[in-house]
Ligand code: HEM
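Given as structure tokens, the chain that follows is alone and in the form predicted on its own.
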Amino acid sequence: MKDWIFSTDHKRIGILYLVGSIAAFAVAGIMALLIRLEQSGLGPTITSDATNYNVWLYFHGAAMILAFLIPGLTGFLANYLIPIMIGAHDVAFPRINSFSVWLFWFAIVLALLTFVIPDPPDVMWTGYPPYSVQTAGNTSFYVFTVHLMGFSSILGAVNFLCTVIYMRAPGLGWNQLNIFVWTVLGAFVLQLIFIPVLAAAVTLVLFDKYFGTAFFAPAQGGDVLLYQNLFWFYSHPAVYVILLPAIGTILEILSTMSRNPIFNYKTCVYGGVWGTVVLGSDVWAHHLYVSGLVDWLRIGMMMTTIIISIPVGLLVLTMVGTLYKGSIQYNTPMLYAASELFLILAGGLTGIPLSMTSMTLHLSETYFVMAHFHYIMGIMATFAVFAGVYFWFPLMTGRMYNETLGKLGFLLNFIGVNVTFAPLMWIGVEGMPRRYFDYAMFPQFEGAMKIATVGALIIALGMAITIITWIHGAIAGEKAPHNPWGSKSLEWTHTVYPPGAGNFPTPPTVSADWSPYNYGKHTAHTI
């Protein structure tokens, strides 16, 4: 235990991120199940107190985004993989890396205190004033949780940017990096630029509520829309902080399992990844179409929001092109990776109407919005984390997982998410508002709510099987053969499983014609 608590090994820190993020995911998932059960019938179903419902909504949203998706992709996967992928023995600042993971754990503990304090926060993950200033809930818990998560992410961003810039193996050029490394670099640049804005916004909420300032109080000269602008200035780019590493993870799997190099590598990196980073900073205002923006700004932001589909489209084109004429293995990580094409299609195409001002006036604050972002961000990124765990499971544990259980968990998860969110998307188009504790005024939607609840129960079963598969594999799985997927990447070809201290028995040196995707007629030459 002491070795883990004080460890500065990036691989152990990655595992600590994984354990913490899966714990947050489990509790947030229970909250989602409670929300669905409450909505399964008209009137109060499992609680008569609407405040409980608000607390479930708050914890589910905040924990899923801030404590599971972002740490799972940029904490767990980045920590474990990036130093090995670039041929480094560790990260640039190991002690700072250790400090950042414990900040993350402190934030999780603070968030879990929601369920024991007498005045739990109930401000959703957005923390919008004036409600967050006026509520009897403990807004400071929300603010300090965001501070700890944000500080942890900033430290991680500085660490990994320095690691990739200065600690690549001799001979490893920028255009030889794994695509996952590029996507994480893009995500960390976004984190460095935008997290301070979110931290400032929630700090001003703290001042308004507890110190009597009036930054967001119109009656005293403040502007409540200022918070929405600051919040979404970070929180829409946060979508790409999640999207980019998720797509990087999926591309690693698609390339390996289809025995094809990354399609259009440079266009994917410089057009797709960095195009998303640049344009991602100019789309936040589409979250404020119905909040009183001037018309000319609505039109401008509509155009930038539509334009960002170009770099994202390049990333999707790379995913499809990488599969073209591939010799595909349909194992569990590949099933999760392939399903991403459908999830991105469903979530991406339903995002186009929301980028248009005229459509948003009808769809805003309905279940359509909720179902859309669950497809494109929540489920897509969750499946990417799961695919990554399965893909690198032999590397991390030295053992193989049970393929039958893995596929069974995938099928239940995939069926469950579509049974849940397809009906909710439909009733959103029909006008069902989101976040309502009771929907007695919309009895026509009760059937769809019941179907969605059945879907949530299927997901719960699939998630339970998935976690059992990992635990069983780590304890009793068969010993993993060397390079079970036949990958060309350094983490598979130049390490033992699991990698020991320093990562490599012999530090790798890379030749000019080496690539982590040298499949088919291409030949790998690694010195």
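Computed from a predicted model, the values in this text were never measured in an experiment. Start at 1 with the first residue shown and count on from there.
Keep in mind the form predicted together with ligand HEM is missing from the figure; the text below concerns it.
Residues with any non-hydrogen atom within 4.5 angstroms of ligand HEM in the model of the complex fall in just one of 346 to 354, 149 to 157, 434 to 442, 305 to 313: 434 to 442.
Residue in contact with ligand HEM in the model of the complex (any heavy atom within 4.5 Å), chosen from G502, G41, P484, G61: G61.
Put simply, of Y131, Y270, W125, W102 only one has a heavy atom within 4.5 Å of ligand HEM in the model of the complex, and it is W125. The candidate spot formed by N79, A107 and V385 lies out of contact with ligand HEM in the model of the complex, as no residue has a heavy atom within 4.5 Å of it. The closest heavy atom approach of I459 to ligand HEM in the model of the complex falls within 4.5 Å. Interface membership of Y367, defined by any non-hydrogen atom within 4.5 Å of ligand HEM in the model of the complex, is confirmed. Contact annotation: Y53 falls within 4.5 Å of ligand HEM in the model of the complex, judged by heavy atom distances. Among heavy atoms of F93, none comes within 4.5 Å of ligand HEM in the model of the complex. Residues of 465 to 484 are not found to place any heavy atom within 4.5 Å of ligand HEM in the model of the complex.
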